[in-house]
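Below you will find one chain, with nothing else, as structure tokens; this is the form predicted alone, and questions on how it binds or moves follow later.
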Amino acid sequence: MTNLGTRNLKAASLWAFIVLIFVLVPVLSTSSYQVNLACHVLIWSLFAVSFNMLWGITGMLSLGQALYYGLGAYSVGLMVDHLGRQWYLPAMGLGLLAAAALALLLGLLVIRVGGVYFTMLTLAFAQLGWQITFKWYDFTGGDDGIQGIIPPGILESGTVYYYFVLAVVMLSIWILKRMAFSPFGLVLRCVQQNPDRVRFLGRRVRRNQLRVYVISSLFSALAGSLMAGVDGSIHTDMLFWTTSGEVILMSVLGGINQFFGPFVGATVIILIEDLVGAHTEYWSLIIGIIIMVIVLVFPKGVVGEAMRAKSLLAKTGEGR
């Protein structure tokens, strides 16, 4: 077997092991809280991986992905609240269509400016979406949010909904991985490294940036729509800039240059938040310090540093 085949086999085995752990969570857990926590890990992981398609692979730092995450959640929440929970699954589909359409419209504006202006414009549009949701009390519930969002039929069971989330998240990450390592993903990496050379080679830079912006926004909305059914409620904080900041932090912590880095970063942060938050009211301060130390010790992220250590060990073994 070639080295490439061996690497692929090892990667597939590791990924199968991770999936198996998540499959066994409802079987091994002692309370529904642990299943709920695993749901949060999965959904935030999808959100972080989809965000990293923009930043880590294409080099486009968006501070506004919370807009699409919140749009997915509110699409489900509003339709279930106004039309009934039988609209839960159609609302997820409509939320994705709405997110794709909005990302296409805004993308035509924000991608044209590029650089720091792209970052600031995405933040501005996300804050505009948050203001509309916050002020439009009669329709969105304002600061009170929307309560009582219950998935329909067989998905009403917490365990069944967990497996539904697991299947959707794993399928989505598999699709994103295929994109990241396809010729399309290669073009995106080249755009990050040298957009002028990509143009010289006849590739349309803005068109590819727009495509990945729409794709990232669509999967962010999917994460938001899944989250609506986990806690049974949604709130305006889902569209606030801190939500975008949190997903950036997850990517940095896990490693933005590694496809699965954001997945690991999201898992670490959600588990630290849960562990520390259960013991002290100053949990946010302690979490901030812990994360700052981790980022300083592992500047390439947890996965990036692990890969570097593995590479160094391999070179040491070859030198003996």
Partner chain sequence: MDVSFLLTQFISGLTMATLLFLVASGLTLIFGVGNVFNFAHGSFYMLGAYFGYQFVSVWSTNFWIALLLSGVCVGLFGMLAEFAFLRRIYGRANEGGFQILLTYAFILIIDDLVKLTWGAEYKSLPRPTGFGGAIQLGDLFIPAYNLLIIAIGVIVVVAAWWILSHTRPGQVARAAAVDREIVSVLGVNVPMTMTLVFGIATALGGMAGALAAPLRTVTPGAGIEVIIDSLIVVVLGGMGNFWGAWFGALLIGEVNAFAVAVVPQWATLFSFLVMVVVLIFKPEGLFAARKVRKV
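Residue numbers count along the first chain shown, from 1. Here the structure is a predicted model, which is why all the values come from computation and not from measurement.
Below, we turn to the form predicted in complex with its partner chain, even though it does not appear here.
- Every residue in the set 61, 241 and 245 has a non-hydrogen atom no more than 4.5 Å from its partner chain in the model of the complex.
- A single residue from the set 119, 172, 208, 233 has any heavy atom within 4.5 angstroms of its partner chain in the model of the complex; that residue is 119.
- Here is the short version: of 43, 264, 53, 252, the single residue with a heavy atom within 4.5 Å of its partner chain in the model of the complex is 252.
- Comment: 122-130 is the region of 144-152, 82-90, 178-186, 122-130 lying near its partner chain in the model of the complex, near meaning a non-hydrogen atom within 4.5 Å.
- In the model of the complex, its partner chain sits beyond 4.5 Å of every heavy atom of residue 160.
- Shown alone here, residue 33 lies farther than 4.5 Å from its partner chain in the model of the complex, counting heavy atoms only.
- Although the partner is absent here, residue 270 lies well away from its partner chain in the model of the complex, with no heavy atom inside 4.5 Å.
- Its partner chain is not shown here, and in the model of the complex it never comes within 4.5 Å of any heavy atom of residue 204.
- Looking at 204-223, no residue comes within 4.5 Å of its partner chain in the model of the complex, counting any heavy atom.
- The Cα-Cα distance between residue 287 and residue 248 is shortened by 3 Å or more in the model of the complex relative to the form shown here.
- Compared with the form shown here, the Cα atoms of residue 286 and residue 56 sit 3 Å or more closer together in the model of the complex.
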